[in-house]
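Consider the single chain below, provided in structure tokens and representing the form predicted alone.
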């Protein structure tokens, strides 16, 4: 029995993208929340992610590099369609990376500038990811497997709504991370941020879901919504997905109300996991919605097999290192901005 190499690689890339969103999402969220904190609180917030933030972006490299190597036809079709937001995201990530280091090691008089750069880079990167996601969900115009649309097809009111929703979602991840990893006044302030982020995420998630069903008929059909009515035979098997998202919001709210430390963060993760699975249901097996399946876009099997050998060695090492670093720096960050 031979391995289904295109399916395996589709799974690897899907997992890499999910891990990037879950892991880098909360440190982008910290940057989004930066303007609402005091200078001392910002130091503690940055220290809470200092040992792990750059490692979180490894998954973005794996997802993008894996797409290029395993699904070159999809990469060639998607990149021209999403050049704008992808370039914006990369530049913003570079800016926030430089700002992170310069704010910590640079001169005191330059600290306000690098603080603004870190916050601005975090917000810009999140907006860019949301615009790219919105453009992806809308679908890409292809002709003979080549991009045939315009350079600004991704810039629509729908993609802007998705981008704003992602800002709210990452802010929720950032607030609940701070609740988990800090204490005292900053933790109390993060709980207040968390309540606001829960409300904003709930409203925007509902708005994006409704807009997706109304504006994108092919996704609506997948969810059993066509011609203004629901097909219960299609919808009922999928109801656990939105219910899981609702459960995540309720779990985060419950944790904040009961002054739990880790429960709100787990609830926020459940919201993102539910949304990710919901998106996959909307376009799978297409890897370029809604024109190219992952099998059509895949590289030759011998190339996929060769790369799989490398990933089989590399992926456990990355996972092991990630788990080890998170375990090593599992303590809370106190007022002295150090682990104890």
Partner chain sequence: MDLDALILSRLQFAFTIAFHIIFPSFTIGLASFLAVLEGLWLATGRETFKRLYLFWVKIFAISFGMGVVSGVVLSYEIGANWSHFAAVAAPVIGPLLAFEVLTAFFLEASFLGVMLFGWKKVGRGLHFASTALVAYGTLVSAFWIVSANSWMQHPTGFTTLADGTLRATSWMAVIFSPTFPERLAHMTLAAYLTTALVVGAASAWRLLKGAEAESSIALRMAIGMFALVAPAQLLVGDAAGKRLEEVQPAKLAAIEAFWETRTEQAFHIVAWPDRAIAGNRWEISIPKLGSWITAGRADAELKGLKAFPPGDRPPVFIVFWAFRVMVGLGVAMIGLGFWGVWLILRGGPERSRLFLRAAVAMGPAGFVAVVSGWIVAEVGRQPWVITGVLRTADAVSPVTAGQVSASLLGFMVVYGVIFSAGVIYILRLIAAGPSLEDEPPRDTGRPPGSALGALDAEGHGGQS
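Numbering follows the first chain given and starts at 1. What you see is a predicted model, and the numbers here were worked out from it, not measured in a lab.
The protein also exists as the form predicted together with its partner chain; that form is not presented, and the subsequent description refers to it.
Is there a non-hydrogen atom of residue 231 within 4.5 angstroms of a non-hydrogen atom of its partner chain in the predicted complex?
Residue 231: no, not in contact with its partner chain in the predicted complex.
Flag residue 240 as yes or no: does it have a non-hydrogen atom within 4.5 angstroms of any non-hydrogen atom of its partner chain in the predicted complex?
It does not: once its partner chain is placed as it appears in the predicted complex, residue 240 has no heavy atom within 4.5 Å of it.
Can you work out whether residue 68 and its partner chain are in contact in the predicted complex, taking contact to mean some heavy atom pair no more than 4.5 Å apart?
Residue 68 belongs to the contact set for its partner chain.
Taking the shortest heavy atom distance, is residue 111 within 4.5 Å of its partner chain in the predicted complex?
Heavy-atom contact with its partner chain at 4.5 Å: present for residue 111.
Partner absent here, but in the predicted complex, which of 166-174, 113-121, 257-265, 240-248 has residues with a heavy atom within 4.5 Å of its partner chain?
Selected stretch: 113-121.
So which of 225, 102, 158, 195 reaches within 4.5 angstroms of its partner chain in the predicted complex, heavy atom to heavy atom?
Contact check passes for 102.
Looking at 214, 203, 235, 87, which has any heavy atom no more than 4.5 Å from its partner chain in the predicted complex?
None of the other options qualify; the answer is 87.
Taking a heavy atom within 4.5 Å as contact, would all three of 299, 310 and 328 count as contacting its partner chain in the predicted complex?
Checked in the predicted complex: all three residues contact its partner chain.
Suppose contact means any heavy atom within 4.5 Å; which members of 8-25 contact its partner chain in the predicted complex?
The stretch does not touch the partner at all.
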